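Here we start with a single chain on its own, the form predicted alone, put down as structure tokens.
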Amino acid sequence: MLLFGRDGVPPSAREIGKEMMNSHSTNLKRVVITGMGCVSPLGRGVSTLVQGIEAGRCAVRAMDDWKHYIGLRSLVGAPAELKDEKLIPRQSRRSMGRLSLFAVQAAQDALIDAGIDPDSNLTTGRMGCVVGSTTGSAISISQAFETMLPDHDLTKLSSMQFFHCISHTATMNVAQHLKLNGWVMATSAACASAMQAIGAGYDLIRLGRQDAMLCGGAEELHPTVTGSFDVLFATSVKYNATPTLTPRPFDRDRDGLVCGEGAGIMLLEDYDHAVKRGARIHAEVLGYHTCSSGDHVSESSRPAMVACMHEALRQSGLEPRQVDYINAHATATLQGDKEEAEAIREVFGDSVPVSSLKGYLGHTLGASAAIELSAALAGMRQDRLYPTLNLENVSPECQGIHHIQGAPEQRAARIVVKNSFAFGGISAVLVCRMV
């Protein structure tokens, strides 16, 4: 291994990483997706999600009870319905806030989809989970402060409320409920949380540390969540009276994102392990990369997006021309969509079909990558690439790429690139191949 560099010059981290990758590449495991579960603003389950997209439904609605929040300009959201939560035993349920309940339901569905009984013995140490979110339960955090602060009285808080609020509440509750005793981690990178969770699970499996990982993200809708984007002038405010017309990714009349909620969980598995148990395989993960722009805390960065997509493709051993579909992050912010469109154009030109699913779902933040990838893979299984809802007139700065508009494109597609971008200049890109 290159420890001291060439000609006495110390090696760069990139050189060391490349040398290590080359020395271990023959020993890396193949990683496949064998289960998908979600709770989305369009309903529970991937099939319900796909039905809503096929019907062209927008889940955004007016949030009338937000009007008493002074200064909140965006009064639209994409809520998910929480139901059947009492099927989770109270002993487990009492440590779960809303987003953890979503995550547990999605994890159960992912296991069932993979042909694994959620009540079976999962305590081999070879299955774990990585579930991310932007914060802990926003509702519980708000309630905790509203309860405590008037009199600064901590005794008014329940003992379980702390577990609703902690940043790793979703992954902790999934692991505890399913009695997982493998690796348990949480990613917290705002809108890239689920993608980084999938990437972390991918690395653990291909390195042989785990046989299977439940990976994804969860989020819950609350005015303080929308407010955090509102103060940055990143939310949609022109469509409060016509909520189903927003968000509008890549559109000339877009004016910002709409927050949503839910959870998306995928079961990633060692290919040999999946084949041995006769599992159905949705797709194989070919490559993943995440990086930072190191440039600006809130502004999107085309160069960082370009670098991330190039590296994810390099890890996959693919050229841009081999990609069949790009599931964009595109949240309908003015700068974010512009930068992503320019980055896609630089890497792929105008030949690869591109769409964003946020027009149907709003932006489910830390859950978005897993929910949207599940829908994309389900559509690709039927040779259907879903269009960007509410994209009527492509914005001049978002032109030059192949937008899917109006109706699904019926075509065979095997290779998908999924983009996720977040505050802090964070980019995360996954490449999958249908199996």
Partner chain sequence: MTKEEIVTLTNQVFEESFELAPEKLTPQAKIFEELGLDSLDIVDLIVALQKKFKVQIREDERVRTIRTLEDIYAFILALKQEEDPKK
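Residue numbers count along the first chain shown, from 1. Computed from a predicted model, the values in this text were never measured in an experiment.
Although not depicted, the form predicted together with the partner chain is the subject of the following passage.
- Of the candidates 156, 238, 276, 314, 156 is the one whose heavy atoms come within 4.5 Å of the partner chain in the predicted complex; the others do not.
- Think of it this way: in the predicted complex, the partner chain has a heavy atom of just one of 183, 271, 163, 348 within 4.5 Å, and the residue is 163.
- Stretch 83 to 91 is the answer when you ask which of 331 to 339, 256 to 264, 114 to 122, 83 to 91 has residues with heavy atoms within 4.5 Å of the partner chain in the predicted complex.
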